[in-house]
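Take a look at this single chain in C-alpha cells; it is the form predicted alone.
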C-alpha cells in the first residue's frame, strides 16, 4: 500500500488492490477535523474521483476510532456567522463529492462517530460498525445545528420524526440500534475491527464488474425520480449492461457449470460417493459427519469417515504444527507457505492411500474438510491463486456440504468445547475465513456445493445434509452399473 500525498498527511489514500482506503489520521485529536484537514479531505476525494481503477472506497479513522467531529480548538478561530457558514460549505462540498463517487463508499466506524463524524459516516453508501461502536449527534451540546449535510441524510434514512429525536437528544446509538434503524448495514464480528470487516466487504463488492457496480449505484441514487423516469433509466442502463461482453461471459460460465455431466461407463462396481463437510472452526462439521455416518449405516450404505489433516504421517506433523507443538527454526509457528504446502502434501497422500481405495471398492467416503478449507484458511495468508493451483489436481468431491455459521456463534461453541486453541482459532481470523469460504465459487466453480445454515440446531442441519445426500443417492441408483456421477 502507498500513502497519498495530501497536505500534512492528515488525510491519506491507501490502495488495497481495487479498494481505496480514505483515512483521516489525527489520532491524538481522535481524528477531529481541523480547517486544514477539511481542505485535505476535499482534495483527497477529488483524487479518488480520478482513479478509474478503484471499485470501492472505505472511509476510516486512524488509530482506534472513526471521527470525533470538528476540532473545536482549531475552529474557535471562526468567530463570525459567515466564517462558520463558509466552513460548513467547505465540508458540504467535500461530503457531497464523497457521496457522488461512482463506486460504493463504506464507512468503517470503530469506537465512535460523534457530531460531524457521524455526518461523515452518513455520507457513505454503507456503514459497518464494530460491535462496541456508537454514533451520536452531539451538535446541540455545543449550541449549534448540523452543518455538513447530516440532518438531510439522517432524515432520509430514519424519517423526520426519528431524526429530530436523535438530533435533539444527542443520545448514543449503539451498533445494534444503528442496525435496526438503518444507520448501520453490517456489524463486525466479536473482537473484529470495523475497518477489517469493511475491507472484506469492499473486496466482495469489488469482485463485481466495475461497470455493473457503477450502474447499480447510479440506479439507487436515482430512486427519488418519478417511477416512469426511473424505469426508463433502468431499462436503458440494463440494456447497456446486457450488451456488455462481461454479461455473455458470465452466462457462458453459468451454463458450463450447469451442463449435465456425461456418464462414462467404466468396469467394476459402482463407485462410492466422495462427500465433504466444510466450515469454520465451530461450524459443527465433526458432529454432522458422525451423525451422517450413523444414518448411512442404518440405510445399509457402506461408509468410511475421515478428516483432514489426515491420520497419515504428513497429517500427524501438520496437526502438531497447528497445535504449536512443531515450530520453525526461529521458534515461531511455521510460515504460511509451509502450512499450505503441508496441507497439499497431506491431501494427495490421503487421497492415494485412504480415500480413493475406499471409493473404488464402492464405499462412500465422508471427509471432514478438504481443499475448500485450504482455500479459506491458507488462502487468506497466501496468494489464494497459488493455494488453488497447489490443489488443482486433487480429486473433486461429489458433494460439498458447506455449514455456513455466524463467526460469533462458532466462537461460543469453541469456548464451550474447551481445549487448547489451534493457531487459526482466533476470532478475528475466523471472521476472515468465513468470508473466504463464501467466495469458494470463484476458485472451484464446477464443484457441487450446498450452503447450509449452520446457525440452526444440529438436528435441523442434519436434516438438510441428509436431504442433499438422499438426492445424490437417488441419482446414483438411476445410473448403469459402473457409472460415476
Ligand code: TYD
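Numbering follows the first chain given and starts at 1. What we label the rigid core is the largest C-alpha set whose atoms superpose within 1.5 Å from one form to the other. Since we're looking at a predicted model, the values are computed, not measured.
From this point on, the text means the form predicted in complex with thymidine-5'-diphosphate (TYD), which you will not see here.
Taken together, the three residues 16, 199 and 202 lack any non-hydrogen atom within 4.5 angstroms of thymidine-5'-diphosphate (TYD) in the predicted complex. Residue contact check for residue 138: none of its heavy atoms lie within 4.5 Å of thymidine-5'-diphosphate (TYD) in the predicted complex. Contact between residue 309 and thymidine-5'-diphosphate (TYD) in the predicted complex is found at the 4.5 Å heavy atom cutoff.
Residue contact check for residue 156: none of its heavy atoms lie within 4.5 Å of thymidine-5'-diphosphate (TYD) in the predicted complex. thymidine-5'-diphosphate (TYD) in the predicted complex is not approached by residue 296, whose heavy atoms all lie more than 4.5 angstroms from it. A single residue from the set 402, 274, 343, 112 has any heavy atom within 4.5 angstroms of thymidine-5'-diphosphate (TYD) in the predicted complex; that residue is 343. None of 75, 147, 365, 322 but one reaches within 4.5 angstroms of thymidine-5'-diphosphate (TYD) in the predicted complex through a heavy atom, and that residue is 322. Heavy atoms within 4.5 Å of thymidine-5'-diphosphate (TYD) in the predicted complex map, among the stretches 449-457, 418-426, 34-42, 63-71, onto 418-426 alone. Residues 369, 370, 373, 374 are the ones in 360-374 with at least one heavy atom within 4.5 Å of thymidine-5'-diphosphate (TYD) in the predicted complex, listed in sequence order. Once the rigid core is overlaid between this form and the one not shown, residue 382 counts among the residues whose Cα shifts by 2 Å or more. In the core-superposed comparison between this form and the one not shown, the C-alpha atom of residue 75 has shifted by less than 2 angstroms.
The Cα position of residue 340 differs by 2 Å or more between this form and the one not shown after fitting on the rigid core. Between the C-alpha atoms of residue 186 and residue 377, a gap widened by no less than 3 Å is obtained in the predicted complex, as opposed to the form on display. Shown here is a form in which the CA atoms of residue 279 and residue 19 lie at least 3 Å farther apart than they do in the predicted complex.
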